[in-house]
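Single chain ahead, by itself, as C-alpha cells, in the form predicted alone.
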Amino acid sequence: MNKALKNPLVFTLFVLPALFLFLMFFVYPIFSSIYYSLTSWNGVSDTVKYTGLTNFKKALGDERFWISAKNNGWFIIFSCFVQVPLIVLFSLLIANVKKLKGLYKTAVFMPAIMSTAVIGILWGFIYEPNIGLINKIIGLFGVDPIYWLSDERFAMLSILITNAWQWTGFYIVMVLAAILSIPGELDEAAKIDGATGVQRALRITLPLIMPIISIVIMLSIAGAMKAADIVIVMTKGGPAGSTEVMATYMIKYAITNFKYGYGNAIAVLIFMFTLVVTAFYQLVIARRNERIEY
C-alpha cells in the first residue's frame, strides 16, 4: 500500500477527477463567458456575430449598470461595518452564556439553512405596509405606514437587513468556534490580573480571532458581489431599479431580453470587480499583518 502511494501515477489518478470537475465547472465557464461577451449572440440562434468590446463599452456607459454596481457596494459596506461588528458582539455574548448555549447557537443558525425564497417571502410580510409587523410597531408611536419595499428611500436598506439576518447566524457559528478554541488559561490569567470582561474581550479575544474575522469579511465581500436571489424574491430590482444589483442586471439582459452576449459581458465585469475588491482587501490585510509582526 505504501509503495503504491509513492507512485506518481496513483496521485495523478486521484487528482484527475477533481481536476476534470474544476476545468469543466470553473475554467471552461470563465473562458466561455469571455468569448460570448465579445459577441452579440442572443443565446438561441446558431449565428454568433463578433462585436469586440462593444458590449463592455455599452455596459460601462450605462447609468443603470453603475447604479447596480453602487448597490453591490452598499451590500459590502453594510456587511463590513454593520453585520460583522454585530456578528462579533453576538458571538462574544453567546460564548459567555453558561446555560442553553447550544439552544442559542441553533437559534441564530436557523435562518442560514432556510431557503432565500422563504426568507424573502417571510420578510415581505414583515415589511407589508398595512399588516406588517414593523409598521404595526411604529404605528403605536403615531408613525404613518412606511412602504418599505416600494419606496426608493427604504427598499435597499430593507433588503440589506433581510440579507444580514439570513447570514449572520452562519458567521456567528464560525466566530464562536474560534472564541471557544481559545485556551481558558488566558482568560483566567487576565481575570486574576483584574481585567474586566470588556478588557478581556478587546485585549485577548479579539486579537486572537482576527484571522477568522478576516475570513468572515472576505466571505461577506464575495457574497455581496454575487447577491441576486434575495433581490429577485423581494423587489425584482425595483422600485425604478433602485435595488438592482449587477447579478440581477445581468440576468435581465441575458435571460429576459435574450441579449446573451451583453449578459456575459456583465458577468465578466462582475468577475473583474470581485477580483479587484478582494485583491485590495488582501493587500490591506497583508499590510496590517506586517505592521503587527513588526
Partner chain sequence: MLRNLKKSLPHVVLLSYLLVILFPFLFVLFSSVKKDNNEIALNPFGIPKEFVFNNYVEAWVNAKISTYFFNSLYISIFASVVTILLGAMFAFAVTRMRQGKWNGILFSLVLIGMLIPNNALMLPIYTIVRKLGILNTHWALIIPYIANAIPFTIIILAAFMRSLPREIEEAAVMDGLKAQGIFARIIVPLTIPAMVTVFIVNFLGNWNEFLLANYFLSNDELRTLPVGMVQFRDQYQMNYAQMSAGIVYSVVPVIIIYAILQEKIIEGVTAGGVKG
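Rigid core: the largest C-alpha set superposing within 1.5 Å between the two forms. In this text, all values refer to a predicted model and were calculated from it rather than measured experimentally. Numbering follows the first chain given and starts at 1.
Keep in mind that the form predicted in complex with its partner chain is missing from the display, and what follows is about it.
Contact annotation for Tyr260: at least one heavy atom lies within 4.5 Å of its partner chain in the predicted complex. Proximity of Ser115 to its partner chain in the predicted complex falls within the 4.5 Å heavy atom cutoff. Contact check for Ile137: a heavy atom falls within 4.5 Å of its partner chain in the predicted complex.
Proximity of Ile172 to its partner chain in the predicted complex falls within the 4.5 Å heavy atom cutoff. With the partner left out here, its partner chain still marks one of 72 to 80, 86 to 94, 203 to 211, 185 to 193 in the predicted complex; by a 4.5 Å heavy atom cut-off that stretch is 86 to 94. Proximity to its partner chain in the predicted complex, defined as a heavy atom within 4.5 Å, holds among Leu53, Ala240, Ile30, Leu60 only for Ile30.
Along 232 to 259, these residues reach a heavy atom to within 4.5 Å of its partner chain in the predicted complex: Ile232, Val233, Lys236, Met250, Ile251, Ala254, Ile255. Once the rigid core is overlaid between this form and the one not shown, Thr278 does not reach a Cα shift of 2 Å, moving by less than that.
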